[in-house]
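Below you will find one chain, with nothing else, as structure tokens; this is the form predicted alone, and questions on how it binds or moves follow later.
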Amino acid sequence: MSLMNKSLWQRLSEPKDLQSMSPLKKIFTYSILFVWSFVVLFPLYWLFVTSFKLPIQVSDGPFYIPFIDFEPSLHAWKYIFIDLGQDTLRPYLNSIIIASISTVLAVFIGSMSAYALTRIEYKPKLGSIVGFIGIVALVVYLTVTVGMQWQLSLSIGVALFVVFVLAFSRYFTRALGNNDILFWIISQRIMPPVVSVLPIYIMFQQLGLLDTHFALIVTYMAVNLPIVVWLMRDFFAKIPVDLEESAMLDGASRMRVFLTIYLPLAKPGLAATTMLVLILSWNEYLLALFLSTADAQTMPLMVAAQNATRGPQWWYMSVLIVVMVVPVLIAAGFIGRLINKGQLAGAVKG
């Protein structure tokens, strides 16, 4: 009997070959995956089901299974896409345009910055930085308090900074390094966005750019740049310097090295960073709330607008959130394929 039990235990705990899992390990692994998949997918299922409920069904719930717990209805879908019509399509297109363009710009500019901070040693003079901050404060004072045209105050600031650097930079001895620059970059994300949103609002108000795609694209790009720099710097640092030196000996410029060597080799990191920045831009609410009203309104604002005087209208919110998830899922599938291809290519090259 003990031999039979031992044989059974061996069959359950030992894999058939080196490339497969034992039955017990397979059961344990798939059980964990099933539970985690349920945790992740159930909120999406709940949203999808709620989008087909009437208000009274949402109030009398919970009902989870269509045609068994409740009779599904297209009431919410009809209201969002037919009754509202253009009021739904405009924020949807705005989100696609603003999120995609700001993501591309943030990833490209941030990747170039990460490459520069990885391979080039910078030593900006501390005195020049302090002088620049003082001149920026002067420009803001002239524009906001004195009422000077921003074009004139900006021209005065540029001229003063050039004169300041030419006249006093040689007297400055203390300089910062790349690590100081990186810390300053990430500190922009440490600071709560609500602290900077009011100055950003005033700036675009003075420029006459409130409620425009340009204002949101530039702001989203600036907010997400620190994340791109920090993530891509780690990927670029792992690329051997010998590849860059060999290419530059053959006459390649730094831009060509960046485009033809660093970006292709860092494709998995580039794809993952792009996906993260796209999600952050797609779901951004606070900046869109301050910088847009009607023309540049995005989907998060429209979802929040469904919280009416009688309470949250979950059926309308569910429809909007379901259609919001679709572009992100498509992008995630496409970018996920790029990540897998990049990892396989790196494995083959190695």
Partner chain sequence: MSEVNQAKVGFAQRIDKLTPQLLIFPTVLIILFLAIYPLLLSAYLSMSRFKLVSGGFELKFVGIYNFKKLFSGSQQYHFLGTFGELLLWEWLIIALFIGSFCYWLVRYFASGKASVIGGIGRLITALVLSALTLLAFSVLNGTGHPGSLMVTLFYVFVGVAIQFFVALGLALLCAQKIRGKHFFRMAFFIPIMVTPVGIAYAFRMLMDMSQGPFAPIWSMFGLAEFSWAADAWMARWVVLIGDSWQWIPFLFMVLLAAIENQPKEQVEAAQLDGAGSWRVFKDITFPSIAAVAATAVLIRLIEAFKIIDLPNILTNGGPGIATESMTLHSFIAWRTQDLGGSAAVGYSLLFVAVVICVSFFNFVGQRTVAKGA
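For the two forms, the rigid core is made up of the largest set of C-alpha atoms that agree within 1.5 Å on superposition. Positions refer to the first chain, counted from 1. These numbers come from a predicted model, not from an experiment.
Although not depicted, the form predicted in complex with its partner chain is the subject of the following passage.
Only one of 85-93, 165-173, 70-78, 273-281 lies within 4.5 Å of its partner chain in the model of the complex by heavy atoms, and it is 273-281. For the options I129, L138, V218, I156, the residue carrying a heavy atom within 4.5 angstroms of its partner chain in the model of the complex is V218. Taking non-hydrogen atoms only, S113 approaches its partner chain to within 4.5 angstroms in the model of the complex. Remark: M232 does not count among the residues lining its partner chain in the model of the complex, judged by a heavy atom distance of 4.5 Å or less. Taking the partner from the other structure, its partner chain in the model of the complex has no heavy atom within 4.5 Å of any heavy atom of L54. Using a 4.5 Å cutoff between non-hydrogen atoms, M21 counts as a contact of its partner chain in the model of the complex.
Applying a 4.5 Å heavy atom cutoff to its partner chain in the model of the complex picks out V39, V40, L41, F42, P43, L44, W46, L47, T50 from 38-53, in order along the sequence. In the core-superposed comparison between the shown form and the other one, the C-alpha atom of T293 has shifted by less than 2 angstroms. Shown in the overlay between the shown form and the other one, fitted on the rigid core, is a CA shift at W230 smaller than 2 Å. Here I133 counts as shifted, since its C-alpha moves by at least 2 Å between the shown form and the other one after the core is aligned.
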